[in-house]
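Just the one chain here, laid out as structure tokens, in the form predicted on its own.
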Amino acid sequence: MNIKAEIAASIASAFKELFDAELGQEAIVLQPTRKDFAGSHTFVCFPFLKQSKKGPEQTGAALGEFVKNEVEAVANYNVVKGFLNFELSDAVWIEQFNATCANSNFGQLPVSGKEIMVEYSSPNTNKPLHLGHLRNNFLGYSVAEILKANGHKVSKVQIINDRGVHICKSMLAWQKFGAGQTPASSGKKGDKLVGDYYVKFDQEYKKEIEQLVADGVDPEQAKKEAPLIQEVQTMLKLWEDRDEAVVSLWKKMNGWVYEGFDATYKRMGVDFDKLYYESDTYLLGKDEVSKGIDKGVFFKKEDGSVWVDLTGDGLDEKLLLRGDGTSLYMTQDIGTAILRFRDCPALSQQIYTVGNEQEYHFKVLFLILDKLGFEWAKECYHLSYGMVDLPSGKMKSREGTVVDADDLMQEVHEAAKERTEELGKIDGFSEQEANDLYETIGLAALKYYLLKVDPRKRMMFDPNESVELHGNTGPFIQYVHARTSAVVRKATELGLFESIESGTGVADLQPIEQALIQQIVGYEDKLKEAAKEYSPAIIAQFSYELAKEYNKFYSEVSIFNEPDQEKLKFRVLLSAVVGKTLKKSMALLGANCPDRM
């Protein structure tokens, strides 16, 4: 029986013996004790005063005394306004620490048999990746890694939105205004070059609208009658009809974009197990829409467009196919979802990492799939996240005001370089080693800053604040890890370091040592919580709290001036385990921890 279950069972016995009240063990919930109170496990007495017929503090004191006398692991207890906090003995924490040291799979939970697919990134091939894509990629990648650590089989995928009106806009603009420009001739990454022509289309389109309005055309009508938008609609229809020239142009420009994306993903440190393309899946979606008409799930309007009526579900009517037969994103997403479950028959769940502005879209998608008779529709989940703002304001792709992902990664690299050189932290580093360190610090700063906030919240990103070596930042945690590595290096040089698997034979602990062990052994519970909530922020907060606690330990407790050799070795070993745990937890966020900083 584990300690938590043992305490819960004792509390149940206490209610029976002290208060003559039958209380099922399942009703007894133990929470982690708050940081400002002594203890590790807390029982909240308030809901059970009816059974005890006593005040909250009297109830807590009676239960605490009973459990202390019955459960050997409990060394003491305290009651704070009805919160009963149990303090475990040093022997228990030492035993748990040694078990952690001996567990070569610590931080990797047993295989669950559950297969999960996580979609993230999913860019359009008409523009480069931007700041929003960074949060998306880091969030999707991290959730996938957290799910893996929970024992699930995980596939990381993306759907590349490689067709449609937006893609045709950049194609048409290049065709009209590009004069044969290529990535090679322009010296630009392919995704950036194509993005320039997406912006160019918007600029020229607005000029046409302004001219039509000046000629007396209604502004809304002018948007539809502008020659450029009509040419785009024609190009999209030609693409769907597989016109050779249009398809050739599409392949060429998308090829430029893919080369650019690959370079950006490599620097981000994210990867994918499988790629899906909208150009492959939209036809499957159209087929399913046709089947849905036959089943009476969808209906046609007079102009030939196809719709689904969701008013009975509290929503509205949703367009699935335009009157000219062309597809929409919803059509493509229907086809993609079906294809994925066909590719992976054992799939338990499909997770879509997409911004919260698309919440309605996914609510409709999952409802449509359910109406089409797919049981697995209930296992689809939208991992919704808030937008990222910068002090400069909101970003707009078509106006060219987005914050480019490559530029931002370079900016944090430069900020990390400046801050590290100011602090004189690169003595003994070669030029290449120093440059690699700046990149490692910069990317960890960026990833940690974007992931430490609950995914559902909108956030403000400050590049300069992200690279600080103090406070709740990635570089602070990296620095603490480097400190633990320095302790292990020095101990190794002195011949004092024993392997982590050896554990320790110390008999008593300082309060700060007990607090550190308590945090370490709670890591796997945080892993489970992060997976349940789909929240890397839980892992980020764990990493920060552990790093803070170690810094306190490092300043309060002597390591190498300790005369007791057993305690000295234990503190080195504790440092090593903290470092190992920080490295594991930060890796789940996609961040590396260097041994030297």
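We number the residues from 1 along the sequence you see. Keep in mind the model is a prediction, meaning the values are calculated, not measured. For the two forms, the rigid core is made up of the largest set of C-alpha atoms that agree within 1.5 Å on superposition.
Not pictured, yet referred to below: the form predicted together with the RNA.
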Worksheet, complete the sentence: Heavy atom within 4.5 Å of the RNA in the predicted bound form, from candidates K371, R458, K114, K252, belongs to R458
Worksheet item: Of these, L390, L283, L238, A482, which has a heavy atom no more than 4.5 Å from the RNA in the predicted bound form?
Response: A482
Worksheet item: Would P563 sit within 4.5 Å of the RNA in the predicted bound form, counting heavy atoms only?
Response: no
Worksheet item: Would G471 show up as a contact with the RNA in the predicted bound form if we use heavy atoms at 4.5 Å?
Response: yes
Worksheet item: Would G323 sit within 4.5 Å of the RNA in the predicted bound form, counting heavy atoms only?
Response: yes
Worksheet item: Counting only non-hydrogen atoms and a 4.5 angstroms cut-off, does H361 reach the RNA in the predicted bound form?
Response: yes
Worksheet item: Looking at 241-249, 484-492, 144-152, 185-193, which one sits within 4.5 Å of the RNA in the predicted bound form if you count heavy atoms only?
Response: 484-492
Discussion item. Need the contact residues for 291-321: heavy atom within 4.5 Å of the RNA in the predicted bound form, sequence order, or none if there are none.
Written reply: D303, S305, W307, D316, L319
Item to complete: Could you tell me whether the Cα atom of A73 shifts by at least 2 Å between the shown form and the other one after core superposition?
Response: no
Worksheet item: After the core is overlaid between the shown form and the other one, has the C-alpha of E220 moved by 2 angstroms or more?
Response: yes
